[in-house]
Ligand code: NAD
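To begin, one chain is listed below as structure tokens, in the form predicted on its own.
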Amino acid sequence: MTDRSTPQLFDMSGHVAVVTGGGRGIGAGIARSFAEAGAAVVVAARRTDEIERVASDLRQGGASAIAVPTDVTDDDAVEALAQRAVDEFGSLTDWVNNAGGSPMRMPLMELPRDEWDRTLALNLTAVYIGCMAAARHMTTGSIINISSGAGSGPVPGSAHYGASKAGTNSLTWTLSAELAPEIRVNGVAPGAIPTEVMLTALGRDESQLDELLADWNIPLGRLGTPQDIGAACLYLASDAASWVSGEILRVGGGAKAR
């Protein structure tokens, strides 16, 4: 790799990125970071109105962006998403598996079986589906899986979610070896970012953010934002991270993973 300036390393011009779960929260933040760095972005999620709004905002800012309604648990829909990116922009270089979450928090012995199945399907199987579709359509590039600190230790009340994210971590590590050297595979584990899904799972609302900050005891003194995760993903997708693969990057303000 020839020497380039630092701004050139972070330049995403010529990149074509798919971001799942891109209609709001962290996914929208990732899409915006990529677009602002020069990438063409394909925003995917089930809610058409949300992804159309994000894609429209990106285009108004001068970026190339389209919205593709997608159920990430459907193999055919995800394959069509990858093909749409190639058809629209000529290639596929980056894929972010961001869609996921679980609104339920309760002891595992009380968790309904269908919520276990739904969580694994959305948080792990869908990541596998996305990785496979991306790899089939990429010559070279980067896959980023959004994980969680819940995948690296005990999480009472969220065992189903933690298990799915532990699986995501394992998948990330193995694919980083199997898809090398053409495709780099990394993960990002966000900390306390008050998205709709997280607040629902914790039984909190936006009026209780100070309580949430105190509960998490975050050394850097604030809750996270979607832009914090977007910046981390931008690093991992860019040439600045050309020698980084198989890593799970914790972005949590210094707080202990949970």
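Residue numbers run from 1 along the displayed sequence. This one's a predicted model, so the numbers in the text were calculated from it and none came from an experiment.
Not on display, but discussed next: the form predicted in complex with this ligand.
- Remark: of stretches 106 to 114, 133 to 141, 160 to 168, 83 to 91, the one touching this ligand in the predicted bound form is 160 to 168 (heavy atom within 4.5 Å).
- Site residues 26, 99 and 147 are all in contact with this ligand in the predicted bound form, judged by any heavy atom within 4.5 Å.
- Put simply, of 37, 212, 198, 63 only one has a heavy atom within 4.5 Å of this ligand in the predicted bound form, and it is 198.
- With the partner omitted from this view, the residue of 129, 155, 77, 122 that lies near this ligand in the predicted bound form is 122 [heavy atom within 4.5 Å].
- None of the heavy atoms of residue 174 is located within 4.5 Å of this ligand in the predicted bound form.
- In the predicted bound form, residue 55 stays away from this ligand, with no heavy atom inside 4.5 Å.
- Among heavy atoms of residue 183, none comes within 4.5 Å of this ligand in the predicted bound form.
- Looking at residue 232, you'd find every heavy atom of it more than 4.5 angstroms from this ligand in the predicted bound form.
- If you take 45 to 74 and check each residue for a heavy atom within 4.5 Å of this ligand in the predicted bound form, you get 45, 46, 50, 70, 71, 72, 73, in sequence order.
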